[in-house]
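There is one chain below, alone, in structure tokens, taken in the form predicted alone.
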């Protein structure tokens, strides 16, 4: 039977979601824990990767196993064994053709930026800019990214079947007490895509890039990847959205 899990994690001490040969990953820790509790080697399939030091409130993955009769008790057992920086929030039975990655219709990410004084206590969870920025200019430039575009200059990945084309449905930007939050919702985000977009918008806010220069980067037919990539620790995967499970 197939099960879908929602997992929350602090990515500070991990090399990202995906298993890697010489570094500890979140996927590896969960797979080892599941395999131990189920007493059977168990592989999990995530909705997508998150990079080193990136966090998640709502990462999802699926796995196959024999029938689990008490999901609440099973979730409790998992969380007792998992380290304190990884928590399974929910487990549910899904159809056998469900796929945590392929079945997703959209994802929502949060990026958090401190433009006040340096905060050592939140250095692993909020990107420290501690500079005044022109938020109106950032909001104006952010509108350029909404819609369906070729984002070849805002990802480091190789070309894919979609030719770097993705659709961003909305970018919501707010500031409160010197903390700026960017919320992105789209049908898919490529490697470093949000970090490149935020890094580029930050240059606009600092007066180092114009809105027209950003438009030229988006419209360019030639690949010239942005030089501005925001740091990872301010990025959170908020949720993965599915039409049916």
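Numbering follows the first chain given and starts at 1. What you see is a predicted model, and the numbers here were worked out from it, not measured in a lab.
From this point on, the text means the form predicted in complex with a further copy of the same chain, which you will not see here.
Which is the contacting stretch out of 167-175, 118-126, 134-142, 99-107, given heavy atoms within 4.5 Å of a further copy of the same chain in the model of the complex? Going by heavy atoms within 4.5 Å, the stretch is 118-126.
Position in contact with a further copy of the same chain when the complex is considered in the model of the complex, options 93, 148, 89, 73, heavy atoms within 4.5 Å: Filtering the options by heavy-atom distance leaves 89.
Though only this chain appears here, would residue 85 touch a further copy of the same chain in the model of the complex if you measure heavy atom gaps against 4.5 Å? Output for residue 85 is yes: heavy atoms within 4.5 Å of a further copy of the same chain.
In the model of the complex, residue 34 touching a further copy of the same chain (heavy atom, 4.5 Å): Outside the cut-off, so no.
Contact between residue 45 and a further copy of the same chain in the model of the complex at 4.5 Å, heavy atoms? It does not: once a further copy of the same chain is placed as it appears in the model of the complex, residue 45 has no heavy atom within 4.5 Å of it.
Residue 195: touches a further copy of the same chain in the model of the complex, heavy atom cutoff 4.5 angstroms: Looking in the model of the complex, residue contacts with a further copy of the same chain do not include residue 195, since no heavy atom lies within 4.5 Å.
Taking a further copy of the same chain in the model of the complex, which residues along 1-25 bring a heavy atom to within 4.5 Å of it? The stretch touches the partner through 8, 9, 10, 13.
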